[in-house]
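We begin with a single chain expressed as structure tokens, specifically the form predicted on its own.
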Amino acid sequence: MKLYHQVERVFNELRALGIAADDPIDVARLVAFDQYHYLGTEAVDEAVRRLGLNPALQVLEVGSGIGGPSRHLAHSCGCQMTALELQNDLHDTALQLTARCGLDGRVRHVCGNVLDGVTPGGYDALVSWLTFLHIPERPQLYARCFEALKPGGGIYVEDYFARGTLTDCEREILVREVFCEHVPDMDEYRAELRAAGFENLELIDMSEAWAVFVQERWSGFRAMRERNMRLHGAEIIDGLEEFYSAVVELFAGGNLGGIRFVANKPLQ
């Protein structure tokens, strides 16, 4: 996925701010570049509110990318984070950024696949942003998430869902540009989460807000094209423009939507 190509570009942005390669990094300055999901830290802060995250809790982030949400959570509310990321290059970049933010003691980075399992009952909460869409084995995924939580633990996820019948063209774009092979509808989400054992399900349609976000992201990126080309080069910028444009097209069609779901593992 072009969004995840050459993720070391974040260091170009830091240098443009006058932050040298060995300088410490203020998390508040980094969040402009390390949140790959929609609505930035607003969405991460919503997880804090929904799950009651605090310094006493162990939290697992599935699909942590270059570590943005995990660092923000560790910095803003002090919880102990485990950041699980499949891709080596993202994982390596995340390690560097977390160390430079001085958050090594609160964020533990793990390179691995959630489907292979994580510490059973090891976490008070699990969070994920725009990662489940890459994983077609949903029953297995939900089972691993359920196993990872302590009794009473909460899960907060933001992802795609099918609002309508996706066209063949939309499905082809999803596979080619987003590496997304399967998009459940609301009923599928509800049934599969309940089958995994989750309770107190709340499924929220985020489509309108996300459609605005992706359009503004694309427009803003295009407006900065000359600056971005100087900083990052044509390969990165052309790839990101293609990706951002494809996502705008998908949301504009009305069949792809955004979902936020929150649920709990039963106490017993």
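Note that residue numbering follows the sequence shown and begins at 1. As the structure is a prediction and not an experimental result, all values here were calculated from the model.
Another form exists, predicted in complex with a small molecule; not displayed. Remarks below refer to it.
- The listed set Gln80, Ser76, Gln96, Gln87 contains one residue whose heavy atoms approach the small molecule in the predicted complex to within 4.5 Å, identified as Gln87.
- Residue in contact with the small molecule in the predicted complex (any heavy atom within 4.5 Å), chosen from Gln140, Thr167, Asn113, Thr119: Asn113.
- Listed stretches are 23-31, 58-66, 196-204, 231-239; the contact stretch with the small molecule in the predicted complex is 58-66, by a heavy atom cutoff of 4.5 Å.
- Using a 4.5 Å cut-off to the small molecule in the predicted complex, each of His37, Leu130 and Ile135 places a heavy atom inside that distance.
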